[in-house]
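For reference, the chain that follows is the form predicted alone, supplied as structure tokens.
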């Protein structure tokens, strides 16, 4: 039994909650205000758009995250979002904020942002994927209306990474992630970096940067309490010192030991909270909360294996683009978290690669919570400019990425080399040095491809390579295959079924090869979801490389990945990769399952109970019944663990589509920019989706939310989806309807509530 000190009520009361909307702790001057609602938007460049007296009658009210243009999910004009736009927001700070500092924070603006406060320029940020802040204190008027104006340039900017030549993904446009206004004491915590102490692994090493914006030197005490999931303090550490006027100081200290610490692991992702308080003399002026996990990771240079907490693990995953149909990258946190859940639970992966840029904090937070490992990378794709200014932005992006994300236990390596780029010695020496300075406890990696990137320039800790799975001991070690299969096996969800099956087998084959070689740390398939791209691989602006379609609806290949998950931890599963609509040539029935044996039935006639018999190096090989005679009716697979039936999957020969089903991922949303996906499917009389149905569906949304999608839209393989987004200050119900001439229409309701 683990024991620890119980946090006194007074201490708990003094600790800040940074949840939105703003909540300040007793004794602390810190307030974090959700700045997502309440913006005005104009999709055009406006002379003096920052002016306080600007006529705003042409502006439209919006909530962040916000796409500067809603587009079709395919075959759209990429120039439609390549524009300059203005965003404006009014706010009135109360008199009680007098004497405090105001910091505006943007998590992501695509792709160049100029920020103004009351007509005065606060600063500029270049880059679509990393966060930035500006101290706007001197420009803010207490007790009066203030205007924050942001000029967003979403045109192609060849002076800003990843641009320079053609890029195999779309950057899109707008203020595409969250924004916040942070109000703090002149003496405040800037950041806290926590790590498992290398010398004493039951202790936590803490670095805390304190800023003193006052005009006098401050004597202060920094105290960090390590709090477990039951709100029990299990360790503490502190440091005292002085911070000169108008300067900063980094305090470094180690906590007391944690008695039997819980280690973070993909199968049991335990998170602690570091609650850091800052005292000015005897008064608490600031608190900062930081989630983290106690764990160690290593890529062996001797045998090539990956281990976590000194236990070897084969890495098995997919790449992910942070892009969505219709809205580009402007997805609310709920959608970002949903992607992590899909990749972890629906696809059974233990790792995801953030291709090819830092992704949403909400996505990474969810990876921490559910135990999905992450390879994260600096923005870029193939191209590196020889221009010094371009490279300076790339270095700044690396710094912003690591400073934001170095506390995430899910991230096992930072990518400090632009994906598939040639050698740029001086730049990559600097990116590696920067990463090891900012985060000395996490390895770096660089992704190469045949013809670009030499072994003599192996500056990172992990050699990552695309489209190759060595049969013997790879050189160099450690080796991970960062991309495989997808771009060479484009597959539409509506393709002939044999193509869908072959896509699944192609993914199984490369993972089987990686599993057969103990010298390879792991392999990631390309990729999780179909995505928009202007590149030559795209068809009508979509790369059909995913194991799920652009709406996140799985193809057969997704179930192969799910079958590799441990049935004890994640549950037994069985899936028949055959629609049983017609006989294939040959009519082999493939089954993906993590069970020990599977029995197949056609119309209740057993075709045999098999042990797995294909791709035998896999953790859970596939099952196949060769040349099964086709009989219209029911196809059933039962998976067994031991002698007990553990999972069942049933197919019926599809009938004609008779009705639509409409299903939101979430039935309750928060007002002010929250979003959810709504899936529409055409089903037969058995309630099963009818594959290859392409009927036209009309969709309407009414009430306390906005429709983000296409209507009318053609079903793809019997399915489609759209999003709904809530408005600022409006609660109630959102009613969604879908109708089709050939099928019974359907509707659903989503509730919208105030968030607290």
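Residue numbers count along the first chain shown, from 1. These figures come from a predicted structure and were not determined experimentally.
Keep in mind that the form predicted together with a small molecule is missing from the display, and what follows is about it.
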query: Contact flag, residue 419 vs the small molecule in the model of the complex, heavy atom cut 4.5 Å; finding: yes
query: Partner proximity in the model of the complex: residue 91 to the small molecule, non-hydrogen atom cutoff 4.5 Å; finding: no
query: Distance check, residue 415 to the small molecule in the model of the complex, heavy atom within 4.5 Å; finding: no
query: Residue contact check: residue 466 to the small molecule in the model of the complex, 4.5 Å heavy atom; finding: yes
query: Listed range touching the small molecule, judged in the model of the complex by heavy atoms within 4.5 Å, from 478 to 486, 232 to 240, 657 to 665, 328 to 336; finding: 478 to 486
query: Selected contact from 264, 580, 106, 526, since only one has a non-hydrogen atom within 4.5 angstroms of the small molecule in the model of the complex; finding: 526
query: Selected contact from 102, 559, 531, 193, since only one has a non-hydrogen atom within 4.5 angstroms of the small molecule in the model of the complex; finding: 531
